[in-house]
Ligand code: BDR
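One chain is shown next in structure tokens, namely the form predicted on its own.
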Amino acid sequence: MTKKVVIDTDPGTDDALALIMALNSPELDIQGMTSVAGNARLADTTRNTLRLMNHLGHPNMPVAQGASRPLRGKFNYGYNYHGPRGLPVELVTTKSRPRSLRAPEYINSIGYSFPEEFVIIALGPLTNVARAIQREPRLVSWIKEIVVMGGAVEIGGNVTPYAEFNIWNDPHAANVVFDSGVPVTLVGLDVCVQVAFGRDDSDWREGQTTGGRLAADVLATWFTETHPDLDQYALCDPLAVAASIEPELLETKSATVSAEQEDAETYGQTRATYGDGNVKVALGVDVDRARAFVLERINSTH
């Protein structure tokens, strides 16, 4: 049975790989994309999403523009990691434009249309999802699951010693989602950093499809021009998409989760109290199977 999915995204290099995978996955009936700022400014992430859809043969995929600011404060962008405008490669322009509905309203419209079948795959800060919940309280009963790429529970962060980038950029929104009661699978750095493509690996370079060639181009440019200092590319967003299709790739523990939103030093830290709770925290991953799954889906056709 396919899942009715909206993907909330902030492309971003790993978002690009994740979207290639998702489009190649028959298990996912993608109802649209919603853009959020995070890895780049909203204008860049929206444009990147539209151009990716066009490049990958889905020019009519609905794209709804979302939040340019977190619930409080302002976003900190990831251009230094992902490259200029959020991607290290230039994609051809497209005449496609975002839908007239903003992201929260679009999310709510899909939830209303497919109650209890609706899955959100959230690859950026959780601002759009939180605003959708705040504007339509019934949404929490319509959503079957939210798969979140975010957090660092048992290990350190990647922007501070405590915090992972997506949660750190809007911990207030993360807490709206964690506190909603909706089933959440949290795919954080605990597992993401274990699944990677290496600079010297040959298999990701061998793409024979449009998506596979784009992924190879993104990665090769990232390794040679954006980060000649790094030898591994962690497959964070792709692992979240993989987990939405094959949850058994992960070992999870149920927990109540919160994000620190007050203390300056530990701002954005994700903390889990294990036992009961609506959040399944990913603490283990079948590394070889997960990496192979990502590679296969990037290079498949659907």
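This structure is a prediction, so every number in the text was calculated from the model and none was measured. Residue numbers run from 1 along the displayed sequence.
What comes next is about the form predicted in complex with this ligand, which does not appear here.
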request  = Mind telling me which stretch in 177-185, 164-172, 206-214, 219-227 gets its heavy atoms within 4.5 Å of this ligand in the predicted complex?
outcome  = 164-172
inquiry  = Residue-level question: is Arg131 within 4.5 Å of this ligand in the predicted complex, judged on heavy atoms?
reply    = no
task = Classify Ile120 as contacting or not contacting this ligand in the predicted complex by the rule of any non-hydrogen atom within 4.5 angstroms, answering yes or no.
result = no
request  = Answer with yes or no whether Val241 is in contact with this ligand in the predicted complex, where contact means some heavy atom within 4.5 Å.
outcome  = no
inquiry  = Test of understanding: in the predicted complex, would Asn158 fall inside 4.5 Å of this ligand by heavy atoms?
reply    = yes
message = Please identify the residue among Leu87, Leu126, Met149, Ala103 with any heavy atom within 4.5 Å of this ligand in the predicted complex.
response = Met149
key: Among the candidates Val257, Met33, Cys236, Ala37, the residue which, in the predicted complex, approaches this ligand to within 4.5 Å (heavy atoms)   = Cys236
remark   = Residues in 76-102 that come within 4.5 Å of this ligand in the predicted complex by at least one heavy atom, in order, are His82
